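Next up: just one chain, as structure tokens, the form predicted alone.
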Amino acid sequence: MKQRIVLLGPPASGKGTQAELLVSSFGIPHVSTGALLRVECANGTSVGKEADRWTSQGLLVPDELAIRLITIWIAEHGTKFLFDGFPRTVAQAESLDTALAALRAPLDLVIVLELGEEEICRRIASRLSCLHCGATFSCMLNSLKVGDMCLRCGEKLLRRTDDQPAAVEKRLESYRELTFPVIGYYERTAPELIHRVDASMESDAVFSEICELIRS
């Protein structure tokens, strides 16, 4: 079974949803730099304030900050992980490979969730988030609106600042320019690890396909 996994994909491709399902099924620790940073922002830490200056505009945080968070996490939790949305740049991917090589624990699998931009925008426009527990919901699927209670923890649901229309296009630009090349990096350095999954399918179908990859 694969135990060191990177889950890549554009915004709203379902990375967080699939990660939660995989944690429940396989017990692999889920690590999202976005979630880690949102906790820092909510707690008002210096790292959180630094990150908010970037994420509130739909921009990626600097490589140094993301790598710092991940290397600390690995040191504290070990080398069994499901990275959700990390690495987000080629520099981050190179740093991750270097860190894992030093630990003699290379990646087992890189999953790429593929989704068209029209569907990405539709999903983001209907998304609400809980800043307390990190859960996300669809206005359409769950019949929710801003200010309603989170179905998981009961806190109020909000629209994330980086889900606002002005920030969405910047997020997509960042993905095209910075994160999409990460796929090419792994295709060059470890083509046997990369597997593409159609994220426009129903969530259960996407999950089933990913499970097969992890078990193979």
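Numbers for residues come from their place in the sequence shown, where the first is 1. Note that the structure is a prediction, hence the values are computed from the model and not measured.
A second form of this protein, the form predicted together with a small molecule, is not displayed here; the remarks below concern that form.
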| Touches the small molecule in the predicted bound form: Arg159 (any heavy atom, 4.5 Å) | no
| said: Is Leu59 near the small molecule? Define near as a heavy atom within 4.5 Å, in the predicted bound form. | reply: yes
| said: in the predicted bound form, is there a heavy atom of the small molecule that lies within 4.5 Å of any heavy atom of Val31, even though the partner is absent here? | reply: no
| request: Give a yes or no for Phe86: in the predicted bound form, does one of its heavy atoms lie within 4.5 Å of a heavy atom belonging to the small molecule? | output: yes
| field | Leu37, Thr55 and Ala66 all contacting the small molecule in the predicted bound form, non-hydrogen atom within 4.5 Å | value | yes
| Which of these stretches, 143-151, 160-168, 185-193, 22-30, has heavy atoms within 4.5 Å of the small molecule in the predicted bound form? | 160-168
